[in-house]
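Consider the single chain below, provided in structure tokens and representing the form predicted alone.
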Amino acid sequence: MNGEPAVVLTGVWKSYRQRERGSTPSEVIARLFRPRFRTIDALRGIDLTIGSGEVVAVAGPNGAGKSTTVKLLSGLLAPDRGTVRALGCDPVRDRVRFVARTGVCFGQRTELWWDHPVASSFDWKRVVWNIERQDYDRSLAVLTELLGLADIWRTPARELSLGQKMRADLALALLPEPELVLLDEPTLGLDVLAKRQVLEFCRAINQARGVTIVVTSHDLTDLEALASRIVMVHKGEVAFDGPFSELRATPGTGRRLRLRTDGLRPVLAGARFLETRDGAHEFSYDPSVTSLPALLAEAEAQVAVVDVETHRPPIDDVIAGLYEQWRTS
């Protein structure tokens, strides 16, 4: 974390009015004339500080408030209560000054001109944002090399694959060399290779230029690969804020034990059986409660153990388990 914070949210609330639909034909007709609305609190008094140069992941299930947070930071929405400051600006009131220093990329939308070559969208941005030609050429050369734009430069946007479109949109957002980058579902629909290219590039610009990155995604493996810190939003509130390592150390997340045996599955008192796949039996256990040697001794007393593997559970399972705990608490 370097210098002043890049992002500060203080007591931020954001609510939406949602129209209620009738469940019967008569109710549908009645509500055409007497509509009913319900209020949904997307964010409920969130406090969040992100230091300059940090890479922070924002996670949560659908409707938790993570995309609303990114839209508030980008200036697309204004808070109902509380204050939003990014790069020392109010993203709504100081919009022109703020947007010039910020790159925004939404995985479900594109800035590319649909029926024009990719090059046209970049030239348009150079003119609109009044980017000096020498700065444009320098930035474009770096982006072209790192994101592989040369092979799609003259291709109309409508002919691009999802991965190619995402690379072009990311490059377009980064063209003015922003200090803050906001990424909402940047790897949505991408194949493994395209995801790797996007994530590696984000890491590269963070390390090389100290760009602050705020990223949301449903792919938690991607988030862990990119960010060191995760903010988990649950029912519009910050439920967890800290490093992934601390998240994995949360009681109850445990470890995994995979046993390949002579075919029989042992019954382990200190572990929970999960599944049998490809001849191997997988268990979940808490190392703070039961030691690995004790589990192996218990297994070997029942069956012939051929192979042993222990590993951390997938981050998706860790977070799903935490949300289940919070939902039932």
Partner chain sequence: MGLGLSHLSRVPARLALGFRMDLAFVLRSPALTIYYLAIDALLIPAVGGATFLLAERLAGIGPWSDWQVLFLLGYATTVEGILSAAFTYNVSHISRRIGRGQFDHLLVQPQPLWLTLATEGFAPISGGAALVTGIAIMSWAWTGLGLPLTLAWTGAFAVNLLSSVCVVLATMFLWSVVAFWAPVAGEEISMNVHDALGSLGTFPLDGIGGAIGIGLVTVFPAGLVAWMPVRALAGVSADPWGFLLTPAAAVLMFVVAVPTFARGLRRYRQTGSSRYSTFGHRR
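Positions refer to the first chain, counted from 1. All figures in this text were calculated on a predicted structure; none of them were measured in a lab.
The discussion below concerns the form predicted in complex with the partner chain, not included here.
J.: Which single stretch, out of 208-216, 75-83, 224-232, 187-195, brings residue heavy atoms within 4.5 Å of the partner chain in the predicted complex?
T.: Selected range: 75-83.
J.: Should Q108 be classed as touching the partner chain in the predicted complex when contacts are defined as heavy atoms within 4.5 Å?
T.: Result yes; Q108 sits at the interface with the partner chain in the predicted complex.
J.: Flag H116 as yes or no: does it have a non-hydrogen atom within 4.5 angstroms of any non-hydrogen atom of the partner chain in the predicted complex?
T.: Heavy-atom contact with the partner chain at 4.5 Å: present for H116.
J.: State yes or no: in the predicted complex, is some non-hydrogen atom of F240 no more than 4.5 angstroms from a non-hydrogen atom of the partner chain?
T.: It does not: once the partner chain is placed as it appears in the predicted complex, F240 has no heavy atom within 4.5 Å of it.
J.: Would you please decide whether T144 lies within 4.5 angstroms of the partner chain in the predicted complex, comparing each non-hydrogen atom pair?
T.: Result no; T144 lies far from the partner chain in the predicted complex.
J.: Answer yes or no: in the predicted complex, does the partner chain come within 4.5 Å of a heavy atom in every one of A280, A294 and D307?
T.: No: none of A280, A294 and D307 comes within 4.5 Å of the partner chain in the predicted complex.
J.: If you check L180, L259, L247, L112 against the partner chain in the predicted complex, which one has a heavy atom within 4.5 Å?
T.: For this set of options, the contacting one is L112.
J.: Which of these residues, L220, L140, L149, V99, gets a heavy atom within 4.5 Å of the partner chain in the predicted complex?
T.: Only one listed residue qualifies here, and that residue is V99.
J.: Enumerate the residues of 14-30 that have a non-hydrogen atom within 4.5 Å of the partner chain in the predicted complex, in sequence order, or give none.
T.: K14, Y16 sit within 4.5 Å of the partner.
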